[in-house]
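Next comes just one chain, in structure tokens: the form predicted on its own.
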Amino acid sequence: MYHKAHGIIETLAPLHVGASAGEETGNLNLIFRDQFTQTGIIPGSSIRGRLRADMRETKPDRVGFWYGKEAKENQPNSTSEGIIKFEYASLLWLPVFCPDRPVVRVTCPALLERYQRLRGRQPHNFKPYSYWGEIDSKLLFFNLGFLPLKEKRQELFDEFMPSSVTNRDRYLLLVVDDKEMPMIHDMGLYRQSRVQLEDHRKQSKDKGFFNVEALPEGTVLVFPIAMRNKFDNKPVDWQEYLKEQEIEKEKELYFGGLESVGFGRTQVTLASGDQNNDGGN
């Protein structure tokens, strides 16, 4: 039916995917959040749109085949279903400032379980405050208080830190309770106030002042991919898609509507789910 794969997104700059451009005149522009974990996501439509636009630049005649044909005016049945489908990207690791580290990569059991499930692997039972890395003290001081370190788990690094992530062994890895993750997530977000000035005066334009939040640089997200195995009774090859998408290993891509003002640069890696490989294809 479907060939399963997944993608890894590492943010190389703050990443904001949320309100549309028209809503940026409001006071605070929130990022999209998962309704259960309350952590940041990238909608599947944003991922599809970015990859589709990228292919349009190099293989415009193949866009309709992989992503589906658009409707034409006064031509019924002119659309077609896409060969490849994308689900939303959920958080896997969030870098959080910690005064004595200075960075700890944080996750929770619910996010780790989703990562395992989309790769077709058995879930691990990680208890809160499991960790990986070298540290002198068994207490971590976050802005919200002290968190204890309990059980050191090597598989946190071996199986849950994708090999494509930059400096993957530099920072401490920490699993916190699902209930604590939303608060720590909000504490670790990148926030900035932005203003648009009038053309000839240092005064903000009407509704030109707003605040924006973003996932910080170094955030790791993961998203599932499904590709039809056959189309018109002919087999569809995963390697052919990678070649035509020109993303045979990793590739820099921009997401979100604020890319022109320093947001949205990421490194994307696609990996076949059948190979259980995060570092290549």
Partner chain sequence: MGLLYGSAGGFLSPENLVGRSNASFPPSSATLSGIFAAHYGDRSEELLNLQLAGAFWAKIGKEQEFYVPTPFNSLFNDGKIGSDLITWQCDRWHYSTNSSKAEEGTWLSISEWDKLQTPDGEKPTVSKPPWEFVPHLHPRLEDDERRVKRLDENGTNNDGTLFLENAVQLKPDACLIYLSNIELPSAWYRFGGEGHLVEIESLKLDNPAKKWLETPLPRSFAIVTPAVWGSNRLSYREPMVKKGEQWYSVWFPNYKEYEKPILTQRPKPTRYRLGKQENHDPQQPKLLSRGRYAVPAGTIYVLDEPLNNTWQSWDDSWFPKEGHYYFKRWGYGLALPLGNAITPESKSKSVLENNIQE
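Please read all numbers here as calculations on a predicted model, not as lab measurements. Residue numbers count along the first chain shown, from 1.
Only in words, not in the display: the form predicted together with its partner chain, which the text now covers.
Only one segment in the set 169-177, 70-78, 99-107, 142-150 has residues whose heavy atoms sit within 4.5 Å of its partner chain in the predicted complex; it is 70-78. Each of Tyr88, Arg114 and Gly256 places at least one heavy atom within 4.5 Å of its partner chain in the predicted complex. Using a 4.5 angstroms threshold between heavy atoms, Ala226 counts as touching its partner chain in the predicted complex. Taking non-hydrogen atoms only, Glu244 never approaches its partner chain to within 4.5 angstroms in the predicted complex. Not displayed here, its partner chain is kept clear of Lys249 by more than 4.5 Å at the level of heavy atoms in the predicted complex. Contact check for Ile8: every heavy atom lies farther than 4.5 Å from its partner chain in the predicted complex. Contacts between 28-67 and its partner chain, taken as any heavy atom within 4.5 Å in the predicted complex, involve Phe32, Asp34, Gln35, Phe36, Pro43, Ser45, Arg50, Arg56.
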